[in-house]
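This text opens with one protein chain seen in two forms, each one given by itself as structure tokens under the names structure 1 and structure 2.
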Structure 1
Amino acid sequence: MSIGHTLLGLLESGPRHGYDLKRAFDEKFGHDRPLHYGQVYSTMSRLLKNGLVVVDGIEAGGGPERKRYAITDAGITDVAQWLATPEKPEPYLQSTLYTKVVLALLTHRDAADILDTQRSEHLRSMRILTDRKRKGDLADQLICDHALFHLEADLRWLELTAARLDKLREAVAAQ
């Protein structure tokens, strides 16, 4: 999961302090693993260096947590690109995909597109596996089937998410 893209996405709705960013991330995505402050500072400084965010202002009292960040145009483009690029189909993608979907909803992008794109990517892999399975021996078939079933599980989760996008949108907006 790309923390940088996630924080960038969170900034799209308006400038925030580093402390706010950590709290928002923890609430929405970090259910079991809260972000360390250090992770936030190092990520933000990398983004700052790459020109994706700027420092919008520093409140009195000093300290790194008092810096307020804002996203740049380059930053917005970066988020859009990241969302539109399907993940390489592999097991245990859900946390990344989930983040992407929520971010898309938060930033008023079309979450269904993300799902369709991802499905297409998955199918591409599945076609290759299916083709190999058809041409291979029994061992090949069993190995391919294992992969296919995993991919299918992801896809089914995708379909389910897509079917629940409206509910998710409400939930995300409420937070």
Structure 2
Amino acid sequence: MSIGHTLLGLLESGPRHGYDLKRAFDEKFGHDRPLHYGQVYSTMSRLLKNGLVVVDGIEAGGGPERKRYAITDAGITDVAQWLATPEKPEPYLQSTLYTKVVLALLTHRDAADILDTQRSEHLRSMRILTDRKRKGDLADQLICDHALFHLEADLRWLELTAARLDKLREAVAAQ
């Protein structure tokens, strides 16, 4: 995820302080991985330097000065271009799980146990996400569906690999 583009997109609704940007980000996108304040302010500093935001005002308070940021026309154009650019699909050709299965076979360990343990972990994660989806709002339901679809694909791969484990063992031994 592009933090900079996400913060710019949030600024399109109007100027905000760094604290407000962090809170909006966490509410909309950061349920599982909230932003750190340092990340917000370093990103805003970079966006300011690149002319994508301006300081719209500074407020003095009991603590440090609070800068209010506003998006520039260049920032709006940048967000529009980012939104229009399709994300490159990630084919997952460097899978840690595949590596573990092959290494288990190379070292004469039980690869089936690795697959079974992983299957149990995937199912546990799916139960948690399904419960969260059931209780969540539409945004939570959509992000949980995204994760669940990926986990379902992983489970299909686990089943396929378990079914082909003898052939994979032979192929690994022949190399």
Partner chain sequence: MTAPAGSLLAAERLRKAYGPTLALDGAEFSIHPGEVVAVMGPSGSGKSTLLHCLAGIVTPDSGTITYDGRELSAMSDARRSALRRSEFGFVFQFGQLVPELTCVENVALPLRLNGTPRKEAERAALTWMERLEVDDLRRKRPGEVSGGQGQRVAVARSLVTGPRVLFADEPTGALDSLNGERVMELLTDAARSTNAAVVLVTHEARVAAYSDREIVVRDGRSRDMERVV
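Only the largest set of C-alpha atoms that superpose within 1.5 Å between the two forms is called the rigid core. FYI, numbering is relative to structure 1, first residue = 1. Bear in mind the structure is a predicted one, so any value in this text is a computation, not a measurement.
The form predicted in complex with its partner chain is structure 1, not structure 2.
G136 shows a C-alpha shift of 2 Å or greater between the two structures [criterion: core-superposed Cα displacement of 2 Å]. Annotation for Y19: C-alpha shift under 2 angstroms between the two structures, rigid core superposed. Superposed on the core, the two forms barely differ at R46: its CA moves less than 2 Å between the two structures.
Taking the core as reference, the C-alpha deviation of R169 between the two structures is 49.6 Å. Here the two forms are laid over each other by their core, and the C-alpha of A153 is off by 6.8 Å between the two structures.
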